[in-house]
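One chain comes next, on its own, written out as structure tokens in the form predicted alone.
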């Protein structure tokens, strides 16, 4: 009998856990739970004899992967997968997957909520501005970016996108204008919503050159990863542009230094883009189904490493 470890320092909703267990029981698999653990060694011990692992924001480090003697697959319940050591997984022949699209609407709604929050002076009773007619740039037009565009159009925003990996026809079909370069996106749009992954190419890529190109009243919304922002440049732009705003659900390392820019900077207390009951359940069930399909049928859809 295959054994599946559900390791969540921040647990799934009870309904999601029950749904996951049901999927595995019907497949003839055993479910092992590790919830609310505080010591990484607990995960290293728990993975020792399991065939598959589901995580959320938990770290599937090299130590964890090498400790899983029978480990065949890791699924990160969510879109981002930078918390999995892909090199170690590939070396050990472990398939790594994510569950793209399951959290996308939740993250998109948060992005628009953060835009409203910043445009209305952090709800402190001061005069703000409206989103109607403003230009919004979507940096990466994946599942989340597509949903951001849909919601933003409902606000009456003019939506632009840059994503060299998505065909122009697909974006334009959604009523979104395609720009030819990242520089054009930032120089055109007062608001830019980030949806790029944290890779070696994208880390620190949102730099002073891009931020300074933005029109007056510039606002960057980051519900992606904190690593994509060049924080030294971010501090420089804040000091040089009194009209510049930055809002995020991933506090940058320089969070304490930015608190001086009241009403221009805000970060949620913790990352919560996917923190809705619907997204929680969707991602968990998708992860369970992907494991069943892989172990029973060899289905590698959504694999993110090469094995």
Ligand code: 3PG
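Numbering follows the first chain given and starts at 1. These numbers were taken from a predicted model, which means no experiment stands behind them.
Only in words, not in the display: the form predicted together with 3-phosphoglyceric acid, which the text now covers.
- In terms of contact with 3-phosphoglyceric acid in the model of the complex, the residue from 274, 247, 47, 60 that brings a heavy atom within 4.5 Å is 274.
- Residue in contact with 3-phosphoglyceric acid in the model of the complex (any heavy atom within 4.5 Å), chosen from 72, 225, 120, 135: 225.
- By the 4.5 Å heavy atom rule, the three marked residues 214, 241 and 264 all fail to count as contacting 3-phosphoglyceric acid in the model of the complex.
- The chain is drawn here without 3-phosphoglyceric acid; in the model of the complex, the stretch among 29-37, 50-58, 64-72, 252-260 whose residues come within 4.5 Å of it by any heavy atom is 50-58.
- At least one heavy atom of residue 80 is located within 4.5 Å of 3-phosphoglyceric acid in the model of the complex.
- Among heavy atoms of residue 219, none comes within 4.5 Å of 3-phosphoglyceric acid in the model of the complex.
- None of the heavy atoms of residue 296 is located within 4.5 Å of 3-phosphoglyceric acid in the model of the complex.
- The closest heavy atom approach of residue 103 to 3-phosphoglyceric acid in the model of the complex falls within 4.5 Å.
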